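In the structure tokens that follow, a single protein chain appears in two forms: structure 1, then structure 2.
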Structure 1
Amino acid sequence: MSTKTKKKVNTALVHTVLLFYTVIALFPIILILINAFKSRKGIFRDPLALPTEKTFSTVGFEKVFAKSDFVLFFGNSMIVTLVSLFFILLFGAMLAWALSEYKFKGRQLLTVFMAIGIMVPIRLGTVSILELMVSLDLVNTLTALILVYIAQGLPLAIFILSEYMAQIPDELKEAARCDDVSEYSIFFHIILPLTKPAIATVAVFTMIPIWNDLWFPLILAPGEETRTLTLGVQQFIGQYTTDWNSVLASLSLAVLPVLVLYLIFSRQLIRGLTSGAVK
């Protein structure tokens, strides 16, 4: 077997494995989307079948908008996710720049502290977090969720961004300093544009856990006005009966922001993952 043939065979095997994994990863999402447009009988009769003239129905979407404050829940999730993501990226990039560029006392200790933040789940401190929010009178507010999610996302953001910033050539920074450019200008006009792939990676990896979280909204913001989308969907799930049409319709609509985020940052995400793997 020639070298070219071996390369073609290896490439075909890799593509086959990746395609198989893609099908497995996308299968639950496809299943949700298919059944969201089917009647209840159609869902239970054959959940793997595509909607037909007899089984096609949008009753789930009609119930979602008629019997729940879906727009409010969706808006709360968007506010919490976007605000948390903004401050995670901003504060994470600033601290990552400090850890990768400057040498100061306690630098190693701070790095270890951030590593512990990745290893220890924040949910272990739920009781203490709840007590803190009660003392600050922040229960049933979106501010409580935003603060918790910022604390949750910062360690991973700092770890990824600091490793990426450490690879930026020193010549660029020194040339800017020789031109009497301030450290703030170097950070915002040179460092941040060069770290777009890493920022996109952090944005995707940070947004998904926040958007899908049910634990903290249930504990810190269970009020009607502060419910997020994942918590609002629970009203269709009962102890004895579940409105599967509404549940699947809600989940279908909840997937859209994640897909939009991926489409926006897909190129930067792939660049960030591949450059990190090579380095």
Structure 2
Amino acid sequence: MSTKTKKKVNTALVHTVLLFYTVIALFPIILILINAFKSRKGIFRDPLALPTEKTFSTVGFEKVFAKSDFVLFFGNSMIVTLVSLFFILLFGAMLAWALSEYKFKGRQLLTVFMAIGIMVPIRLGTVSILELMVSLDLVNTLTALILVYIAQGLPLAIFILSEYMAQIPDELKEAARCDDVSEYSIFFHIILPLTKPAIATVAVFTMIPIWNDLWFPLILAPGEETRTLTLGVQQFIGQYTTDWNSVLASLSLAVLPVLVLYLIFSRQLIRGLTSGAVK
């Protein structure tokens, strides 16, 4: 075989493998999405077919909306995720700035202290967290979740942000200091805007685990009013295991928002993942 044909065969082989794995990765998700729009008969008779005029049905979605408070759950998840995210970014950036910029006593110790949170999963402290929330009367509130998620997200945020902030040229801050600009202004008006790319990366990294978490909603806020989407779907499916229409519809409802967001932000996310964020 000549070099040229060999190359062509190799390229074809590479694409075959990648395509095959892409199908494996997407097939289950697509299967759920197409069957969510079918009647019960359609689901069972020919699971692999797209919904046709005959089998099309949205009965699952109707049931889900009738029997559970999906909109509420979705709203809860949004609130918890966005509020946690806001504070993780704000407090994380502030701490990262302090750690990377100012030389103060105990800085090294504080850095190590915060780094522990990257390696040790916060879940291991659940017993104590629950008791703490009971004593603060925060059980079954979104606040409890938000507080825990902030604590959970801070270490990684600080790690990534302080690495990034350390690269900001000294001249920028020195120039501002010569003009007698306050340290707060330097941070909010010079440093934060410059840190935007790293903040975006951190945002994506922290948002996903919060949105998807089951553990803390299950333990700290299992009440009907404060259920997050993930917990809501879990409980709903637990109740209606045999109602395939509802199960498929609720799964689709949980998948779709993430899918849409991902397709919009995938470029940013992957850039964050493949850039120097993880060293």
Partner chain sequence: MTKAGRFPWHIVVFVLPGFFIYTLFSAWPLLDTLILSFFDQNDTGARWFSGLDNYRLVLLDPDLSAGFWNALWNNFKFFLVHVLVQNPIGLMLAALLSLKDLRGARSYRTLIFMPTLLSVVIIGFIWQLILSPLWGVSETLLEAIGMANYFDAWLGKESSALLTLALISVWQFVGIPMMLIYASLLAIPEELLDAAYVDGASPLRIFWQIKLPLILPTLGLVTILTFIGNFNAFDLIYAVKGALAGPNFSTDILGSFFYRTFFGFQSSLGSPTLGSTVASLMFLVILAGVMVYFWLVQRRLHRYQL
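Here, a residue number simply tells you its place in the sequence of structure 1, counted from 1. All values reported here derive from a predicted model rather than from experimental measurement. If you superpose the two forms and keep the largest set of C-alpha atoms that fall within 1.5 Å, you have the rigid core.
- Remark: the form predicted together with the partner chain is the source of structure 2; structure 1 originates elsewhere.
- A movement of the C-alpha atom of Phe61 reaching 2 angstroms or beyond is seen between structures 1 and 2 when the two forms are aligned on their rigid core.
- Taking 2 Å as the criterion, Arg227 does not count as shifted between structures 1 and 2: its C-alpha moves by less than this amount when the rigid core is aligned.
- Comparing the forms between structures 1 and 2 on their rigid core, the Cα displacement of Ile210 stays under 2 Å.
- For Ala249, the CA shift between structures 1 and 2 after superposing the rigid core equals 3.4 Å.
- Superposed on the core, the two forms differ at Ile32, whose C-alpha moves 4.3 Å between structures 1 and 2.
- A C-alpha shift of 9.8 Å is found for Thr16 between structures 1 and 2, based on superposition of the rigid core.
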